[in-house]
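Single chain ahead, by itself, as structure tokens, in the form predicted on its own.
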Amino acid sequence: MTLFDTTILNTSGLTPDSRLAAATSSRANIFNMSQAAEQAVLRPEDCGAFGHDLRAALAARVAYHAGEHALADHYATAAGDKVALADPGAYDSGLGHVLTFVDKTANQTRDVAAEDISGLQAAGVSDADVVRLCELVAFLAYQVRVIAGLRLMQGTAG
């Protein structure tokens, strides 16, 4: 894997021959650590209640909500039979509490309250899995912002 195979650089459109390539390469540690964080959040050894395919679907859903379609498409390819949940309009009655929480956490962060957490707990979601959901959303927020920044620096923001 090269630096330009990392999800952030790949989905931002930055290429090794771009004018920002040297600046990006000088910060390779940041992109490599970001890729390691992606691995830890989306494909951890201990998934808890949320398997890799569901995590990928939720990541795609958050990215679609943020308007980052290349990033969303990247994650949707790993969502397997959960890919329908990547659609921000999709709903699954068995996962409704999780989808509602992820959507609110990603899009109305300041409105998340203790009741949102207790609602997940009442639905049987463990504290560790609540943390896992928050980690996923927080990582996607970071990733979306870095990608948007790289596009702005390239003059390709859309």
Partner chain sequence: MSRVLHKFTRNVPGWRPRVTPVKLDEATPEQLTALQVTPSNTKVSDYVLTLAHDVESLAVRSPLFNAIMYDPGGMSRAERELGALAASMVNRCIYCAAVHADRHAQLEKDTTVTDELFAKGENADLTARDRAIFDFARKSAEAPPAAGPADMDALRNAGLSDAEILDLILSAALFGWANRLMHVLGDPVRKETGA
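Just so you know, these numbers come straight off a predicted model, no measurement behind them. Numbering follows the first chain given and starts at 1.
Heads up, the form predicted together with its partner chain isn't pictured, but that's what we're talking about next.
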Is N10 a contact residue for its partner chain in the model of the complex, using a 4.5 Å heavy atom cut-off? no
When the contact criterion is heavy atoms within 4.5 Å, does H65 count as touching its partner chain in the model of the complex? yes
Are any of the heavy atoms in G51 no more than 4.5 Å from a heavy atom of its partner chain in the model of the complex? no
Heavy atoms within 4.5 Å of its partner chain in the model of the complex: does T109 have any? yes
Are all three residues I30, S34 and F101 in contact with its partner chain in the model of the complex, where contact means a non-hydrogen atom within 4.5 Å? yes
